[in-house]
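Coming up is one lone chain in structure tokens, specifically the form predicted on its own.
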Amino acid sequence: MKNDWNPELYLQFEKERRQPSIDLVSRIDKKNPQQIIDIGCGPGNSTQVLRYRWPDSKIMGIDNSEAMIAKAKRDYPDQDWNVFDAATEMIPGKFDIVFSNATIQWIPDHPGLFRKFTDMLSDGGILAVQIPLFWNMPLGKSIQKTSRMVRWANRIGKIHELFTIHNPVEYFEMLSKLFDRVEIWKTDYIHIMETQEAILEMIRSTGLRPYLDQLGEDEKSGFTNLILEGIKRDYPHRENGKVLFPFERLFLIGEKC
């Protein structure tokens, strides 16, 4: 990906992005954790959910995006933010909770990544992860199909390989080797959108971003227009004019007893 993230575009749908963090944090059974790390904290919106639940804990937010960390520092200047690449760098210290919301799909080798996260946990520590199941959705499948068209295939036909997402059984096998207690569940969030174009805007800063980064400015509109056609087909207006956008997410918790 050539360009950094756009925090302002990302936060246009802050409510939809925050709710999975709220749901994941609510399932973490941990009293008075001393040290927490939010891996892939973005502009700090998920970190605030952690801070609200555990206001006395020391919480560190890390992200490999300089733009996202700069935004977090501006909005929450009294908190601990660091530019850090969890995929390639070793994170120092031990944590009672290792938290990651909608991040690890960008990182390959999940068995190795979970071993790394486990090594970061203190005794009795908890790993809590949320993964968007983007490619299970009609929109994700439409993006893959469009990217493989002759017009785009040479440059973006294999972009989906940047994402790493396994099925729940595979994640259970990974986590059960490392943790004494494992929880796995899925939630299908039904986002009520004002327009079909709003769906396009919501994914422009996330799942669609690596595709657009490989295209010239004159090509981006052609590609997004095709994606919008698919959105209009798969996500029709309801009787009151709203558009329902189901978004499936997978949640994982591992605990070292």
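Note that residue numbering begins at 1 and tracks the sequence as displayed. In this text, all values refer to a predicted model and were calculated from it rather than measured experimentally.
Not pictured, yet referred to below: the form predicted in complex with a small molecule.
Engineer: Wondering, does residue 68 line up within 4.5 Å of the small molecule in the predicted bound form on heavy atoms?
Structural biologist: Yes, contact at 4.5 Å.
Engineer: Spell out, yes or no, whether the shortest heavy atom distance between residue 85 and the small molecule in the predicted bound form is within 4.5 Å.
Structural biologist: Looking in the predicted bound form, residue contacts with the small molecule include residue 85, since a heavy atom lies within 4.5 Å.
Engineer: Using the partner position in the predicted bound form, report whether residue 175 sits within 4.5 Å of the small molecule, counting heavy atoms only.
Structural biologist: Taking the distances in the predicted bound form, the answer for residue 175 is no, it never comes within 4.5 Å of the small molecule.
Engineer: May I ask you to check whether residue 37 falls inside a 4.5 Å heavy atom distance of the small molecule in the predicted bound form?
Structural biologist: Although the small molecule is absent here, residue 37 would stay clear of it in the predicted bound form, with no heavy atoms inside 4.5 Å.
Engineer: Please tell me which of 64, 224, 214, 57 lies within 4.5 Å of the small molecule in the predicted bound form, judged by heavy atoms.
Structural biologist: Contact with the small molecule in the predicted bound form is made by 64 alone.
Engineer: Which pick from 102, 133, 120, 182 sits with a heavy atom within 4.5 Å of the small molecule in the predicted bound form?
Structural biologist: Only one option qualifies, and that one is 102.
Engineer: Please name which of the stretches 193 to 201, 25 to 33, 38 to 46, 215 to 223 has residues with heavy atoms lying within 4.5 Å of the small molecule in the predicted bound form.
Structural biologist: The contacting stretch is 38 to 46.
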